[in-house]
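Form predicted alone, single chain, as structure tokens, below.
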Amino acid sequence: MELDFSGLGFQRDEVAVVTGAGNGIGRATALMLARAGVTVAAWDLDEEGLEALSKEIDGMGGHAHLESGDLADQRFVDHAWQQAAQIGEPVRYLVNNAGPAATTDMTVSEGIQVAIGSYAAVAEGFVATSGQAAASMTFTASIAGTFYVGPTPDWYPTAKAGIAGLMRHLAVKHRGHPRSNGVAPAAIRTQRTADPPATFAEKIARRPLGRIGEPEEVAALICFLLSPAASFINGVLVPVDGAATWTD
């Protein structure tokens, strides 16, 4: 699905940082932004995923700057922002998307530190690096912990609720400079959900749309919320779930 977001007010060669850009929602978002003429600074642990993304962006005549590392490591976050500051244009947009999978074995305290802590560090780096040039940022949360309670590890809904709270807090704290909004996906088809168990497949079949979502369907909302077209939208968390929260 190749949607064209060039009509949403993005200016050619503006810069966006996209975390978790090596696959899934982050990759789909990076490609949509590149099609709109935005220069993408792509960050991820997955070096191979980043290289594949870069080749695809190059093939469409776009520009990508890659940084591979662990966003839970403050030293890497600092380094990545230092590199982003050297691109030539200030970073206008941030897609704060990277996070551990729901299946990761962690305590609640570890989950909060890794998931919320990394989002906070990246957002703080954005504001510190770009200053008044920072236009907007989005946070990827989840329906878990925000719109839905289900059988997930304890840390996951706790951290996702915390990400949503951080997003809302920053929307007020920064008074829209930058704007801060969030998306709350349900099950999305990524590498992590490529082989769902049979019980999960049965559950999905009962949902109103009868399927899980595609990464591009979340990326489309991220690009809109990020864009100048959403200039009066601030502090909002939007579910992307095909009405799953009303039936599960």
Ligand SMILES: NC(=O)c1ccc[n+]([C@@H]2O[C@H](COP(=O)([O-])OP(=O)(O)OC[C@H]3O[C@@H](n4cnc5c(N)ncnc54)[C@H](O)[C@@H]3O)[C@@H](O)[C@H]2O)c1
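Predicted model, so just to flag it, every value in this text is computed and none were measured. Numbers for residues come from their place in the sequence shown, where the first is 1.
Beyond what is shown, the protein has a form predicted in complex with the ligand; the following relates to that form.
- Query: With the partner left out of view, is T190 within 4.5 angstroms of the ligand in the predicted complex by any non-hydrogen atom?
  - Reply: Yes, T190 is a contact residue.
- Message: Would you classify A85 as touching the ligand in the predicted complex, given a 4.5 Å non-hydrogen atom cut-off?
- Response: Contact with the ligand, no.
- Item | Distance check, E56 to the ligand in the predicted complex, heavy atom within 4.5 Å | No.
- Query: Heavy atoms within 4.5 Å of the ligand in the predicted complex: does D46 have any?
  - Reply: Judged by the heavy-atom cut-off of 4.5 Å, D46 is in contact with the ligand in the predicted complex.
- Query: in the predicted complex, which of the listed residues (L71, A134, A123, A171) lies with a heavy atom within 4.5 Å of the ligand?
  - Reply: It is L71.
- Query: Only one of 146 to 154, 125 to 133, 99 to 107, 174 to 182 gets a heavy atom within 4.5 Å of the ligand in the predicted complex; which is it?
  - Reply: Stretch with heavy atoms near the partner: 99 to 107.
- Message: If you apply a 4.5 angstroms heavy atom cut-off, which residues in 107 to 124 are near the ligand in the predicted complex?
- Response: Counting only heavy atoms within 4.5 Å of the ligand in the predicted complex, the single contacting residue of 107 to 124 is Y119.
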